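Heads up, the chain below is alone and in the form predicted alone; it's given as structure tokens.
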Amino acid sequence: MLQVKNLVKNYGSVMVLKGINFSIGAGTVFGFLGPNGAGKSTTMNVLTGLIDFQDGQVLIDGLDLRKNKDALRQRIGYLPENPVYYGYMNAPEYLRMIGDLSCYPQKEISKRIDELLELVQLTDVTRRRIGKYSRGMKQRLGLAVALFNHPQYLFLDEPTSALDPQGRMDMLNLVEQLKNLEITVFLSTHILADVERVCDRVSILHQGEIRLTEDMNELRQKFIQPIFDLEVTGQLDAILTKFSGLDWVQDVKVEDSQLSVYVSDPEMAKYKLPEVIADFNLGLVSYKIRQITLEDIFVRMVKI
């Protein structure tokens, strides 16, 4: 288990992490969400031992990261957002270099390289120079590098952010396969659909503070109520004031002529929403009910 307790990180006078807390169970895929500048990369750099922090505690399998940094790094794999390679090498050459640098048993390096190239689906391009790889191929090679020493904890920093749809699918399929290897995955991303697909648990970070940490199933149950999307014509100021005074309306988001109404009582909303629109002489262009998504929850948590 990985535990983060009251973690504080400052850069000069700027407090980037403001006493954050969360925990990650062994063998789970943990999604770490937040808008740009929220502190996601800083958190990942702290947890992987790349930078120090001012206050708090990080425990990995009960061991304090500060006191056991060298030993714990052996349990950690890390894929940065933009991995850098020697472009003149091919994948087996590069992985052999990683094995040599990490003091992997020499007799087992070739076998490990073959295992990893098969896992990340690069066996067909072993002779191609890395400099000729696509972005998706480079990300998959980066995953092989991060996995070389059989880490128990794998940190992925925006692994799909610049990939095409096929590349994203390939990477997410690999993340799902890691569950079978009982590797704990920390996935930092801003792509909410990726989190919904592969993560067991999620935290939302905003302005250096944790706004939410939940198991995905519990999160869906907590925010299970549907959203009413209304497109209307006319002035919206008065109706927004009206909505704020209704106890069955939890929140309202406005974008141009589109109202997204979050409610606590869907049955009442089905009957009352059209009545409220009519009372204010607004034209109702369209009306639909949809299930809440992680994106909706994210927007509410960070108040974008």
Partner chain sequence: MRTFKAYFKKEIIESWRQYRYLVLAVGFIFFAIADPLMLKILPTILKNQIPAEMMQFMQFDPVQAVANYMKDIYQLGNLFVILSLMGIISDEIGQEKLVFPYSKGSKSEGIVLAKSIHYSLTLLFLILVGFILNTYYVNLLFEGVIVGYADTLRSGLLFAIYYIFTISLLLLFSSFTRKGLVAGMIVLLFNYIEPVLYNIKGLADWLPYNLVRQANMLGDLNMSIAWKSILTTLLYAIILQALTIWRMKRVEVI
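Note that the structure is a prediction, hence the values are computed from the model and not measured. Numbering follows the first chain given and starts at 1. Rigid core (definition): largest C-alpha set, two forms, superposition within 1.5 Å.
Separately, the form predicted together with its partner chain exists; it is not shown, and the next lines address it.
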Quick one: from Met137, Ile183, Ile113, Ile98, grab the residue that has a heavy atom within 4.5 Å of its partner chain in the predicted complex. Ile98
From Met169, Met89, Ala162, Ala193: within 4.5 Å of its partner chain in the predicted complex by heavy atoms is Met89
Does any part of Lys179 reach within 4.5 Å of its partner chain in the predicted complex? Heavy atoms only, please. no
Close approach of Gly142 to its partner chain in the predicted complex, 4.5 Å, heavy atom: yes
Can any non-hydrogen atom of Gln106 be found within 4.5 angstroms of its partner chain in the predicted complex? yes
Please run the contact check for Gly208 against its partner chain in the predicted complex: heavy atoms, 4.5 angstroms, yes or no? no
Stretch from 244-252, 261-269, 50-58, 27-35 whose residues place a heavy atom within 4.5 Å of its partner chain in the predicted complex: 50-58
Take the rigid core as the frame of reference and indicate whether the C-alpha of Thr189 shifts by 2 Å or more between this form and the one not shown. no
Core-aligned, is the CA shift for Asn90 between this form and the one not shown 2 angstroms or more? yes
Checking Met137 here: with the core superposed, does its CA move 2 Å or more between this form and the one not shown? yes
